[in-house]
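Before any questions on binding or motion, here is one chain by itself as structure tokens, the form predicted on its own.
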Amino acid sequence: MIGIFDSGVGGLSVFREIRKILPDEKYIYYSDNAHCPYGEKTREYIVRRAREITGFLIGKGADIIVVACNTATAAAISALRDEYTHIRFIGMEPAIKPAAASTRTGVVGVLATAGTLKADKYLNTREKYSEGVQIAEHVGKGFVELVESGHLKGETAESTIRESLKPLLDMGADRIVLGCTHYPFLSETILAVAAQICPGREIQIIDPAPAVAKQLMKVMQEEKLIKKEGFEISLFSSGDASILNETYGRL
């Protein structure tokens, strides 16, 4: 069984890509929305939550776990791998490499949480792939809250997105890396706002979820964990489950 967890519903954007290539597996998804967002939480807090959720997922039968949260990956995945040596963990990777390889303006914009942008994992990736490319960064202020409240379109969503997106576009960015699993649910609005700010510029969004799905499948093949027993998913939430159920329903 594949366990997936995130601070909220954002990890469903990763699940969506996983199911495309692993359609006949059993899944268990945990939304820690009672403690969402993780972006401003301390590393110790996030590690503690990740441990509790991991124990829950293993208790429900998970034999591989996707940490479908950039902030939790940066803060906790090393600790989880050290403690749960019998379980493989798949984390989120900042998608700077494909963005840097495809940019035409030479400027890559990164939208992420504050926790992700200051984490060693992100900083190391940025340093590795930023040669010859300018990396512009901004916290997606209020983005997680938009997704968790179901406000993916409309004036509120557009104004919130514009505040964080415009500085990146003003610097010349034509590739926008989404460094939080909640953000793909806002992709349509992000592109619409980008078109308003920079009409004529070819803006592309870079979502790391497809690459994470491929890595999961590779590891499951290596570990002989692919069972093809028929699709099934169980959804759990540490808080109000209504947004989780509604978001999953839209998928």
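Please read all numbers here as calculations on a predicted model, not as lab measurements. Residue positions are given as counts along the sequence shown, with the first one as 1.
There is another form of this protein, the form predicted in complex with D-glutamic acid (DGL), and it is not shown here; the text below is about that form.
Asks: Just one of 55-63, 38-46, 197-205, 212-220 has heavy atoms within 4.5 Å of D-glutamic acid (DGL) in the predicted bound form; which?
Replies: Looking at the partner contacts, the answer comes out as 38-46.
Asks: With the cut-off set at 4.5 Å between non-hydrogen atoms, does C180 touch D-glutamic acid (DGL) in the predicted bound form?
Replies: C180: yes, in contact with D-glutamic acid (DGL) in the predicted bound form.
Asks: Can V144 be called a contact residue for D-glutamic acid (DGL) in the predicted bound form at 4.5 Å between heavy atoms?
Replies: Yes, V144 sits close enough to D-glutamic acid (DGL) in the predicted bound form that at least one of its heavy atoms falls within 4.5 Å.
Asks: Which of the residues spanning 48-87 lie within 4.5 Å of D-glutamic acid (DGL) in the predicted bound form, based on heavy atoms?
Replies: Going through 48-87 in order - heavy atoms within 4.5 Å of D-glutamic acid (DGL) in the predicted bound form - the hits are C69, N70, T71.
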